[in-house]
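This text opens with one protein chain seen in two forms, each one given by itself as structure tokens under the names structure 1 and structure 2.
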Structure 1
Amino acid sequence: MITGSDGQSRPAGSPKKPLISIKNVGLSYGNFQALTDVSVDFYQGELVGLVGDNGAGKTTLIRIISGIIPPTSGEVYFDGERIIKFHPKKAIDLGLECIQQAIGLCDNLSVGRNYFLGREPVRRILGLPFLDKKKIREASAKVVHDFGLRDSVDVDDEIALLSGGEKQTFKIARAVTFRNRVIIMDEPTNHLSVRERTRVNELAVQLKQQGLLVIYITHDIFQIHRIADRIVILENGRKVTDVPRDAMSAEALEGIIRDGSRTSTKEPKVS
């Protein structure tokens, strides 16, 4: 990990130009300031832990990166291009996928239908569009096999039959096979067993090793310290720490979060 002329940390050997650059971003809801003057760069091929207590601004920042809400101040760049119009479709077109614990799948649909959710392949018969069920089954079956889900999982089964860890693995697999460049994992191991948490964290590291940018949101500093290249801590909507993982122990980073929590004032929950 090295520090550039801009004061930002980045992986050794990474390109100088960040894949995502957040510059002096602020977001307000009326009189409440959810984010204040946040600047951080994210580089291709790194795993960044975005850490903080509830209300720190983690998910708010990710909503901006994902195109869900525009900032009220500051600038956002993706691969050197400034983003002006914020929309989730824009983020998807740029190759950004957000994996969240509670949403992203339709439990009443099959594994195969969830794999192509929003990207359904069609074939035309006499000019009329029909779902290409053969393509859905074949592509989703390959993902089930390649990512090590149970042999008993059938792509025609409702996805509600999968365990929490299997659902997270499936969402990660879907994001990877659609050739995304950025994977955002928002509290991906909440309510999972120890074995399932380990599997999800292993997949996060594998994604980074494949050259993707992985932004991993969590409040568990000890979990993320084991796998991240860099740790970014937010507190009350401000960036308070941005360091390589090896520069500070998990205990020291926890102290920063704990001390910040002691002095924080109660505000509406933003993340």
Structure 2
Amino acid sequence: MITGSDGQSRPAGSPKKPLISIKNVGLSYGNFQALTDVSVDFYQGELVGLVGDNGAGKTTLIRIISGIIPPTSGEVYFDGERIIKFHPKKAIDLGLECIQQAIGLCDNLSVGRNYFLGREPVRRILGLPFLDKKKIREASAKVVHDFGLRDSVDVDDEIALLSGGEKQTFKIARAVTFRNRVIIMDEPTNHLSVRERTRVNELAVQLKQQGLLVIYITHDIFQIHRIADRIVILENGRKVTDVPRDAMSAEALEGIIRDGSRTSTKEPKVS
């Protein structure tokens, strides 16, 4: 396996300083250890595939990165600065957008209001912040149009009226159109048609080419192997593999996932 002396690999020619640095992070829910001593660096302009079986700790890791839960041990650095206070607002302000499977949209709100939730544009009248409804409508209508949602979608309609695929596309659209530095995609192609899936994967590559860091979570190693620069595999809450895409075939990586932590881990097993 081709990895650096620290057990990590980094893309050739990328700046040395990682944008996000996870150092010895652990997280436990009561007695359950969801993550154990995970260290991984993410660099700007990289598309990293975060892979692992169900319950491997992928979603837990990105929940920490996006500020939803604080780790119980270890440190997280963003652009060299250590993160002390974990809150989604902080992550969003730092330019980190996470597209999650189950959450991110409020069914009862209109398309436009969902688009701007948490960072609503305002017009001040007598010093009071009123929603800039014109801007909300225009900006969200443009996104709906640019990302090829149905023409019949009215941005004043509740988002519950969109289909699953449309909602997913909308979430990605929202993540893309606000200027961000990091896009995390958590199983973005679940429940999508083949065509929609191809489109999402193309978008992920485009974002990377624009210089963003894209962390792509999936359990489909073959799909991610085609587009990622680097593959990180988690297994039972531990990082077991971290290799450039070219270093291993998708089949070999699949073998690692299938065989669990019995193979390939460099860390000595603690009994």
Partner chain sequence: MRAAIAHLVRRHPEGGTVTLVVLISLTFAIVTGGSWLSTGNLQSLSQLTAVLAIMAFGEAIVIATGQIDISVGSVSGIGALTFLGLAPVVGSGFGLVAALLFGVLIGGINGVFVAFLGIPSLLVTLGTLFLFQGIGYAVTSGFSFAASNVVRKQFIYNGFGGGTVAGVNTGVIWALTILVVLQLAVFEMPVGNRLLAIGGDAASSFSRGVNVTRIKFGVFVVSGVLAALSGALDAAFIGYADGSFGAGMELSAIAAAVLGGCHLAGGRISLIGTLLGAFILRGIQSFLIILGVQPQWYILVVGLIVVLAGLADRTLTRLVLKR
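Residue 1 is the first residue of structure 1, and the numbers go on in sequence order from there. As the structure is a prediction and not an experimental result, all values here were calculated from the model. Each form is matched to the other, and the largest set of C-alpha atoms that superpose within 1.5 Å is called the rigid core.
In this pair, the copy labelled structure 1 belongs to the form predicted on its own. For E187, the Cα coordinates differ by under 2 angstroms between the two structures after the core has been superposed. Superposing the two forms on their core, we find that the Cα atom of R124 is displaced by 3.6 Å between the two structures. Comparing between the two structures on a rigid core frame, one finds that D154 has its C-alpha moved by 5.1 Å.
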